[in-house]
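The chain below stands alone and is given as structure tokens, in the form predicted on its own.
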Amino acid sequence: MRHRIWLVLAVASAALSLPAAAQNTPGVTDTEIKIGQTMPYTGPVTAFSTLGKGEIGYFKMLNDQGGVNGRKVNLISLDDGYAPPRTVEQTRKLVEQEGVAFLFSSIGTATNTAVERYLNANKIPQLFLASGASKFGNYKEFPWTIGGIQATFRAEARIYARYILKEKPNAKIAILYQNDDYGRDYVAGLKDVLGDKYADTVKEATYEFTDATIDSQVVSLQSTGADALLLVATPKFAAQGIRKVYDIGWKPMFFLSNVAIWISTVIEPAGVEKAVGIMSSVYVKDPADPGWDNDPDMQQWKAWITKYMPEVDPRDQNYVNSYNSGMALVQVLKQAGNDLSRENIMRQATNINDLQLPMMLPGIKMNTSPTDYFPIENMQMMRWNGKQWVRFGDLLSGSL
């Protein structure tokens, strides 16, 4: 009997000596933190998959350096083809078969929406989504879901609307947007600024991400007499829109949504000369901008991408986004210390104060709180000059 009691006490003592996270959190051991995400490695928006590839490369570097608090980060990145039913299937696989601790940086508004209730019902963190949809700041209804390391689409649209009103007060505005929550967020942002004037000022056209082309929508909007255009599109359609606007001789004040500013997948396919004068917004340092060549953080970023991802096009700013999002997660893990319970991970993700990520523009800092699930709120305007994006003006807030 004494031996049996001693054995029970010894086992209990050993359990108490283990980190709490290793006992209770799926995916966490003394040496590893297993996390998951879904990415569109196939399908209509494969250009966005560079984010996942970059995050895989970032965690390779991190693990070579010893990981976080002695644990390696094991990112399992699965293809969902940008199809919500597939996202549901792959997310359930990550949770129920792979046993990940939480979801991180999965891409897409509709795709993340498809799994939001499932993850919240099971109290599994859905961290730093790769979407700027304002709906992912709804901390009251979905406390386990927090938005991405970017300004929201709605905030971005407010910035463009204010610029238009300042530069061309009587402008007639056209907006061509993807017919889903991603596109509708930009409409909401314009309405926030224009108010009752929206109906008389703005003409709308939409497209489905399964469409072959948006040429007819561009022609239709030109016929309205609009002299300002906001194109809210994923890379394939953004390139089409830029090319069509140029080819029909339409010369509006032209704004391109931030998710489609990539040189290699949008501007070059459209034609670099056809994009001259287009404006967008930015919150990260641009590797193609020689003004950052002597910046120590940029040099460190270039050393990382040269070593871990030598085959990619470093002009694609999604690799900058992946670096920033990886560092944001590392901050959460460092703050969590040895308590890697899902509750504490969420607690730390919503308690970040004035974090200046190395590849963010100076002055743009990451802040979250239990009642603020929007990590980034500022951006800067920029314009394509035929060779590169050139920033201008001050940092702007998209808040109301």
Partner chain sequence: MEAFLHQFLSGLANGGIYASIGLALVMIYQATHHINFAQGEQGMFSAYIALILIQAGVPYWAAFLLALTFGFVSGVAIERIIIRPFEQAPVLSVVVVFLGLLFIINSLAGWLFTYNVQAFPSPFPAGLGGRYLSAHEIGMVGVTLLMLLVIYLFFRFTPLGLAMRAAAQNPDASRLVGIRVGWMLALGWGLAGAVGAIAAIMAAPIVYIEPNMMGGILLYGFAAALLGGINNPWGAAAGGLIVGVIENLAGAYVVGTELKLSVALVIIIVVLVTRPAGLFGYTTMTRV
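Here the rigid core means the biggest group of C-alpha atoms that line up within 1.5 Å when the two forms are laid on top of each other. Note that the structure is predicted; figures quoted are calculated from it, not measured. Positions refer to the first chain, counted from 1.
Keep in mind that the form predicted in complex with its partner chain is not shown, yet the notes after this line are about it.
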item: One residue of 220, 138, 294, 97 in contact with its partner chain, assessed in the predicted bound form (non-hydrogen atom, 4.5 angstroms); value: 220
item: In the predicted bound form, the residue from 63, 344, 46, 29 that sits within 4.5 Å of its partner chain by heavy atoms; value: 46
item: Contact stretch among 322 to 330, 102 to 110, 238 to 246, 121 to 129 - heavy atom within 4.5 Å of its partner chain in the predicted bound form; value: 238 to 246
item: Its partner chain contact in the predicted bound form: residue 199, any heavy atom under 4.5 Å; value: no
item: Partner contact for residue 312 in the predicted bound form: its partner chain, 4.5 angstroms, heavy atom; value: no
item: Proximity of residue 264 to its partner chain in the predicted bound form, heavy atoms at 4.5 Å; value: yes
item: Residue 216: touches its partner chain in the predicted bound form, heavy atom cutoff 4.5 angstroms; value: yes
item: Heavy atom contacts to its partner chain in the predicted bound form at 4.5 Å, residues of 193 to 213 in sequence order; value: 205, 206, 208, 210, 211, 212, 213
item: Rigid core fit then residue 217 CA moved by 2 Å or more between the shown form and the other one; value: yes
item: Large Cα shift (2 Å or above) at residue 272 between the shown form and the other one, core-fitted; value: yes
